[in-house]
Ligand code: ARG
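Let's start with one chain on its own, the form predicted on its own, as structure tokens.
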């Protein structure tokens, strides 16, 4: 029996009925639907709608459904319109007509809004744990890199030497901002729509504060029309995930570049790579390439969500059924991807000697050379020009800055002296970046310690929500 069939004389067109069903998609919400139904049942008993024995029967029936759901075949139902209809069918089948009382004072509009908020909240909590794992592996690799050096790039051209650890910590910072966005999103998602009815609020005197507390929400939503028609929390979550996936895509692209023979900075881990069916010598960065592609997919989910709601009048419209799939897809894409990128990062090998050799050529000590002149009173713009001329002379001669004679340097500026050469060494170039956020070894050591504190705090919050 349909949950709405009383007003209708004709049966639905069978093809339309199959086409408009959401159960094949929203059955993943079953656990949340059961949790919300238990809270609603207790609220009905408190409001005097259910007798104590009826509440006990309904709770027993809901628990039975949860146990049976462990068998995948249990969820194969060609008649259930959605997860709400499925639960009602199973409940009545288990405990009889008392099961029909569970829907007193509520609407599927508020049910799906509640289930999706519970789903979003659970997804955020799982994602926060996985991002913490990812950040921890990056920090561990940064510590293991010690004082290993590599080129940093701007415009994909060699710019300055940095510690490998400093480079890895840049991704820790990106991921940290992702966790903050998710935490902020969780605050707005953690409101309870139950008691909103179809559009105007419940018709029974339900204790919405108690329902919210029962489900671990911070408080009830404050407007029934907004609560049933709102998907801001889903849009916000998927937008945050699109940025997280963008960060992972940037990481993947760098790793692809650095794994090529032209760079040769890393060796692709075989456990996360595949070969070519035609070219026997190939080892392809499949995980990395799919990570880039998954970012496009999640960004598409974010776009679909926003466009899907942009023209909807208040409050609930069937269009909102289409907001489920982008939410599920984006969340589950990242939940599957994060453990894989963490495993890849744990397994990858860095070629530190090659990275260091690359950091010692290509005039990446030129800014240090200009700084040497600035410290001797030369205006920076003039120092910049004079070091640029020194670079041009080196290009003509086929040498590096430290290979120019002191006489050649003094022709450009008499402020050059013998101690200039010591300022061009790799340790000296790193050391001048001794500011918060810089690549000087002492600063990077402090940044690693602070990153560990952030990860510990993130895990503490995640455990509190568990």
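Positions refer to the first chain, counted from 1. Small disclaimer: the values here were computed from a predicted structure and weren't measured.
Omitted from view is the form predicted together with arginine, to which the following refers.
Arginine isn't shown here, but in the predicted bound form, which of 79-87, 175-183, 255-263, 203-211 has heavy atoms within 4.5 Å of it?
Single hit among the candidates: 79-87.
Among 171, 316, 344, 350, which has at least one heavy atom within 4.5 Å of arginine in the predicted bound form?
Of the listed residues, the single hit is 316.
Sort through 165, 91, 112, 135 and report the residue having a heavy atom within 4.5 Å of arginine in the predicted bound form.
None of the others qualify; the residue that does is 112.
Is residue 108 close to arginine in the predicted bound form, meaning a heavy atom pair under 4.5 Å apart or at it?
Contact check for residue 108: yes, within 4.5 Å of arginine in the predicted bound form.
Does residue 443 reach arginine in the predicted bound form, with heavy atoms at most 4.5 Å apart?
Residue 443 lies outside the contact set for arginine.
Please check if residue 324 has a heavy atom lying within 4.5 Å of any heavy atom of arginine in the predicted bound form.
Yes, residue 324 is a contact residue.
May I ask you to check whether residue 33 falls inside a 4.5 Å heavy atom distance of arginine in the predicted bound form?
It does not: once arginine is placed as it appears in the predicted bound form, residue 33 has no heavy atom within 4.5 Å of it.
Where, within 17-33, is there a heavy atom within 4.5 Å of arginine in the predicted bound form? Residue list please.
Sequence-ordered list: 22, 26.
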